[in-house]
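Given next, in structure tokens, is a single chain: the form predicted on its own.
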């Protein structure tokens, strides 16, 4: 199947999942649980995960699926020869559970060792971000590109924080260092949307350590929109940077080295 057809399938699936997300939040009996004692998961996360995974398995029975809720430990992603889908059914679950609108479904498609397709949909604003590798980035089918801000003291920088707080001090140092040099900081609660907002010029830089399903789709979208994607710590030898989860840094090409220098000095 051609990438355009996979794009159409994934976009339609994201929209269908988005409708379920909205309907699940309207239910009177939305149930809650906590993974590893700290990370919120709702019945909606599980329902949307099942919808997406079942649809992919029906359409592409030979494809592998890496999903936050049902298959977070599929194994090493890098070097897989089989096509792979990387899914986050609801990125921004805490926002979702508290009635905020900054939540999204994220779907990435990997083939031949590369992320070839990224789809991120915010069902509460009807914004669908998409990209195919080498073909640009789009918001609701209109081309998007990163902001052209060059002065860090005018830049809006986004980040996030983990639920597990045992190693919070280095993060506080980094926030303090960035805040001293930028215009302001945003912490919006959905990494996928933060990165897509950067792709469309609403943010100027973003940094955080994440899980692969949080950023796989959005990273491609940002890259195709003209962002530089990298890390503010050394990537281990042999690791593919497009899948490496720690210390991500994404910004327009002018701001990237400036933010990198500040984050590195803050360590």
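These numbers were taken from a predicted model, which means no experiment stands behind them. Residue numbers count along the first chain shown, from 1.
From this point on, the text means the form predicted in complex with a small molecule, which you will not see here.
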Original post:
Given that the partner is absent here, does residue 68 sit within 4.5 Å of the small molecule in the predicted bound form, heavy atoms only?
Top reply: yes
Original post:
Does the 4.5 Å heavy atom contact test between residue 160 and the small molecule in the predicted bound form come out positive?
Top reply: yes
**OP:** Look up in the predicted bound form whether residue 90 has a non-hydrogen atom within 4.5 angstroms of the small molecule, and give yes or no.
**Re:** yes
**OP:** Examine residue 165 and determine whether its closest non-hydrogen atom to the small molecule in the predicted bound form is within 4.5 angstroms.
**Re:** no
**OP:** From the candidate stretches 206 to 214, 238 to 246, 50 to 58, 225 to 233, select the single one in contact with the small molecule in the predicted bound form, where contact means a heavy atom within 4.5 Å.
**Re:** 206 to 214
Original post:
Of 146, 191, 105, 86, which residue is found within 4.5 angstroms of the small molecule in the predicted bound form when only non-hydrogen atoms are counted?
Top reply: 191
Subject >> Of 98, 154, 187, 142, the one that lies within 4.5 Å of the small molecule in the predicted bound form (heavy atoms) >> reply: 187
